[in-house]
Every structure is written in structure tokens, then in C-alpha cells.
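Coming up is one lone chain in C-alpha cells, specifically the form predicted on its own.
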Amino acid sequence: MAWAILIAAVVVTVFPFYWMVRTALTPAGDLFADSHALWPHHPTLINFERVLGMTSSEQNRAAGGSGAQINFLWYTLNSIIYSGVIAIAQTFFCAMAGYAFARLRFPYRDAIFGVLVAALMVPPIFTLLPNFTMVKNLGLMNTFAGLVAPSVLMTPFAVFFLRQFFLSIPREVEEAAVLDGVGRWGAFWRIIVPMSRGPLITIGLTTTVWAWKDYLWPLLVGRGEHTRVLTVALGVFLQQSPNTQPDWTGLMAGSTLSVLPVLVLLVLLGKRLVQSLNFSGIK
């Protein structure tokens, strides 16, 4: 019974991704003719070629596309910069904050940490308007600084997660390093950080995935061509479709390609992620 529920959950989870790939490989003319087929009768890569700009506008229309163009590589680079800056900066600052809450003693430490944890209950949509007003007043619209500003420092969950892991590290190891003269900062960099690679990679990876798929905030702040990220670009690509027939095959091909960088990261760092979760579960 448990296996049946597990398999059903996996199928429900994976099916949207499978259907996205299936639609991307389907010729535009066959999309509605074979709408019930589990796999296209005439699979093709023309939709991927159209999205990557390897075909002309005439070839796009001949393949059933709308003729709309998308600078896929440029928008992918913007997404890499956006998600990379947030992941690296947020992991760094959250590690320092988690270490301070776990090891350092300062007035009202527990009360401040309680307020931080309480912030987990605040839905992100509630802070959207204040953040937008602040970024606009600072003149950071259509800049990468404005895009990353609300997320670059820290999130309550990441601080909470890392603090719990730092508490599990024996104090004796850190105190021995301090007695050897490395100081608090040296103990953090030379003892705590190397022993916390798994949790740090977990926070970095989850933050990257969150930033990579983010849509609403980049849509509000990064409307310019030079700051537009891939998720927003795919939305613009859909809106450029003429009449009432969106270019579903092209959109699904772009969506499939947009997932690949995150999948590569998961493949490369997935083992570290599982090890970190296993450790947290044992603890």
C-alpha cells in the first residue's frame, strides 16, 4: 500500500514535466490532433531550434510557430546572474547570522531570534508592495541591484536551518581552535564552515531554485531588456503570440530548456543535499 501511494505521488509529481517535454517535441500542427497520445507520432526538435534562434522567421511560421523571437541565451545569462548573486550572498549572510544566534552571546539574542522565526509566518506577498516602493524610491528599477535587493541578505528559514545545524557541532572543537589563537572569525571560517558544507550547499541549492523560478518580483522590477530574466521572457514570448492561438509548442520548448540548468545543479549537488537532510533527520 505504501509503495502504491509512493508511486502515485511520483507519477503525479513527474507528469507535468513529462507533458511539458512531450508538448515541446510535438509539431505545432499535430498538437491538438494527437492531444490524447502519450508520445507524439512525429517527434521533432524544430521547437527547440526556434527558441534558440536557429531558424528564420519564415521557418518559424512554416513550423507552426507565431514568428515571435526570444533571445534565449541572453535571458538565461540574466537568470544565472540573478539567481547566482542571491544564492551566494544569501548563503554567506545566513551562515553568519546562524552562527551568531548559535554561538555568540549578546543582549536579547533569543528574543531577536524569536522575532526572526515569527517572520516565517508572514506570506511574501505582504512585503511585495513595501519592497517595490522602496526599490522605486531608491531609483533601482530595471537594475540588477533592485532585482536582488529584497532577497540578497537573508531569509528566516535559512537562518533557522543553519542555526540548528551549528548547534549540533561540538563546542569543544571550536573552543580548541579559539584557544589556539584563531579567534571567532577564524573559527567560523576554518572550523564551522568546512564542517557545514552539506547544509550550506543545501541552502545555496534551494535558494538558487527559488530564485530561478521566481516570476512576480522580476516582472515588476526587471522589465527592461537588459535585466529581464528567463521566466519573464517566456511570459513575454507567450504574449507576443498573435490572435488567440498561443505558441504552446515553442513555449514548452523554452520552458524545458529553462529547467535544464537547475537539473544539472541537482545532479551535481544532489548527493550533498541528501546527506544534509539525512544528518538533520538523525539529529
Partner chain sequence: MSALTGWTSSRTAAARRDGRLAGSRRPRRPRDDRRIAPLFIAPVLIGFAVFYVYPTVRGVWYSMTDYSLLTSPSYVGGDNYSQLLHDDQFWNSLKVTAYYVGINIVSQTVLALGLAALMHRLTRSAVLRATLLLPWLVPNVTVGLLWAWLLDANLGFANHLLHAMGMGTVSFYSPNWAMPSVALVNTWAYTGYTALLLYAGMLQIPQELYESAVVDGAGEFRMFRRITLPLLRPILALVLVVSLIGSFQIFDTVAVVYRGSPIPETRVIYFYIYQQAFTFFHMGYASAVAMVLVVVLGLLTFVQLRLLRASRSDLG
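It should be emphasised that the depicted structure is a prediction, and the values quoted were computed from it without experimental measurement. In this text, the rigid core denotes the largest set of C-alpha atoms whose superposition between the two forms falls within 1.5 Å. Residue numbers count along the first chain shown, from 1.
Another form, the form predicted in complex with the partner chain, is not on view; read the next lines as being about it.
- In the model of the complex, L129 approaches the partner chain with a heavy atom inside 4.5 Å.
- The closest heavy atom approach of L220 to the partner chain in the model of the complex falls within 4.5 Å.
- Of the heavy atoms in R103, some are within 4.5 Å of the partner chain in the model of the complex.
- The closest non-hydrogen atom of G181 lies beyond 4.5 Å of the partner chain in the model of the complex.
- Every residue of the trio V10, P156 and K213 has some heavy atom no more than 4.5 Å from the partner chain in the model of the complex.
- Contacts with the partner chain in the model of the complex, taken as any heavy atom within 4.5 Å, map within 1-32 to A2, W3, I5, L6, A9, V10, V12, T13, V14, F15, P16, F17, W19, M20, T23, L31, F32.
- With the core held fixed between the shown form and the other one, L31 has its Cα displaced by at least 2 Å.
- Core-aligned CA deviation for L230 between the shown form and the other one: less than 2 Å.
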